[in-house]
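In the form predicted alone, a lone chain appears below as structure tokens.
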């Protein structure tokens, strides 16, 4: 269970910093792995409207979005954006990140691809404002709604606070602790009940990636899906991405990881191996399933398609049995 925080405020130790920290600490209390991005400190350049994303599905700007942020957004189960109100909306720093997610909007609406985590990903908003106007958060809510839609995430709610300006005012708010606890519990408790399944192969570039993608897409609300390789490759196989796109599933921003990194997310109840050889993982009490599948690395697209279809069939059977 992964929770990604997007801190849009440039002010360290401010009210939004306090609010997001409390939220992330509460998420960790529910067993989530958390990470916070301080957007103001990252190399995130404004959208240049090249329209490459709408035509080809990627942004040509080489900055933190390309190198890290797109992948982190795809990996998260819950994304939490925090911002003070600037002219009835979010900060410019956070807005730059949002604008650059036109790439994800294009992959969803122009290329007609669905991210594997689309069925369970949720977005949440934390915001503070110094004034108390009636319509203070309306523009922010609208922007946030369409931002999360582009990420294939459901906009699950918000905590917004008026008349918060001086240092320490958020920490002194009489209901903030209870507000945060209730919001985090509503988001994460349904995810805690999922069965954890690990898919492992050698490079984590083809077979285990496809299996994880199908499992997330078909049963992500019932299964927490992990994936890793005994000797992970530098990147996923582009033919795997192409083959999965033929099924309407977007694997473009997937990253490889080791089996040890996958196990660090928690002990799986089921381990499905497919060619990790003597380095296949072991977890006490976990059910072991071995799938004898050919490694399609280096083979033509037709071979990748055959392996993909067999994995889809097996994942469907496994998901039906486990859920």
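As the structure is a prediction and not an experimental result, all values here were calculated from the model. Residue numbers count along the first chain shown, from 1.
Below, we turn to the form predicted in complex with a small molecule, even though it does not appear here.
Partner contact region in the predicted complex: 131 to 139, out of 203 to 211, 248 to 256, 186 to 194, 131 to 139, criterion any non-hydrogen atom within 4.5 Å of the small molecule. Taking non-hydrogen atoms only, residue 165 approaches the small molecule to within 4.5 angstroms in the predicted complex. Contact annotation for residue 11: at least one heavy atom lies within 4.5 Å of the small molecule in the predicted complex. Using a 4.5 Å cutoff between non-hydrogen atoms, residue 88 counts as a contact of the small molecule in the predicted complex.
The small molecule in the predicted complex comes within 4.5 Å of no heavy atom belonging to residue 116.
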